[in-house]
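Encoded as structure tokens, the following chain is the form predicted alone, with no partner shown.
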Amino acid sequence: MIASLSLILLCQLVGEVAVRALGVPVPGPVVGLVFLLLLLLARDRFPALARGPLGDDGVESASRAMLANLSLLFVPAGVGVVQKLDLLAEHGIAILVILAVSVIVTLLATVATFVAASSLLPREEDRP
């Protein structure tokens, strides 16, 4: 499991290094996850890669263990919010307005995406 967690963290590190080297506006962990996905797809395609942490569902079991304990990762964020309650009280209205606006923008973007995608798909009456 340690080797699998190390592989996951190594992919994240590679993503961080790639983002900083290329200067692209994408989070490094996202690039690292894409790299890990490519590794897992290559492992399934080329059996010679299925060794070490890539073999015997090592990465999958480590990921399941991390997901099972995901709630623990929110504790530091909660402590940080409690430590900054004075800022929250000072800027609370602005934060609520920004949250409301971001929810509305997200809903509108979701609706626009759904409308665009549904216009590309054939309707039931158009199918033979």
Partner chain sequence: MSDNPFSLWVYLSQSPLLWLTVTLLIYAVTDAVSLKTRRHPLANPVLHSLWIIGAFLLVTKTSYTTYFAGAQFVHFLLGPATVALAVPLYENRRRVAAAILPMLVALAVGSLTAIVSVVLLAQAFGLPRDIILSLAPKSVTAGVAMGISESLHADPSLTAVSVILTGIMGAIIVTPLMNFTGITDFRGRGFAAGIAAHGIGTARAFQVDEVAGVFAGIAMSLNALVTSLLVPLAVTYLVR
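Positions refer to the first chain, counted from 1. Remember, predicted model here, so these are calculated numbers, not experimental data.
Only in words, not in the display: the form predicted together with its partner chain, which the text now covers.
Contact with its partner chain in the model of the complex holds for none of M1, V17 and A50, as no heavy atom of theirs lies within 4.5 Å.
Contact check for A89: every heavy atom lies farther than 4.5 Å from its partner chain in the model of the complex. For the chain shown alone, A21 is not a contact residue for its partner chain in the model of the complex, no non-hydrogen atom being within 4.5 angstroms. For the chain shown alone, D56 is not a contact residue for its partner chain in the model of the complex, no non-hydrogen atom being within 4.5 angstroms. Interface residue remark: F46 is not counted as part of the site for its partner chain in the model of the complex, having no heavy atom within 4.5 Å. Residues of 93-111 lying near its partner chain in the model of the complex, listed in sequence order, are A94, I95, L96, V97, I98, L99, A100, V101, S102, V103, I104, V105, T106, L107, L108, A109, T110, V111, the criterion being any heavy atom within 4.5 Å. In the model of the complex, the separation between the C-alpha atoms of T113 and V19 grows by 3 Å or more relative to the displayed form.
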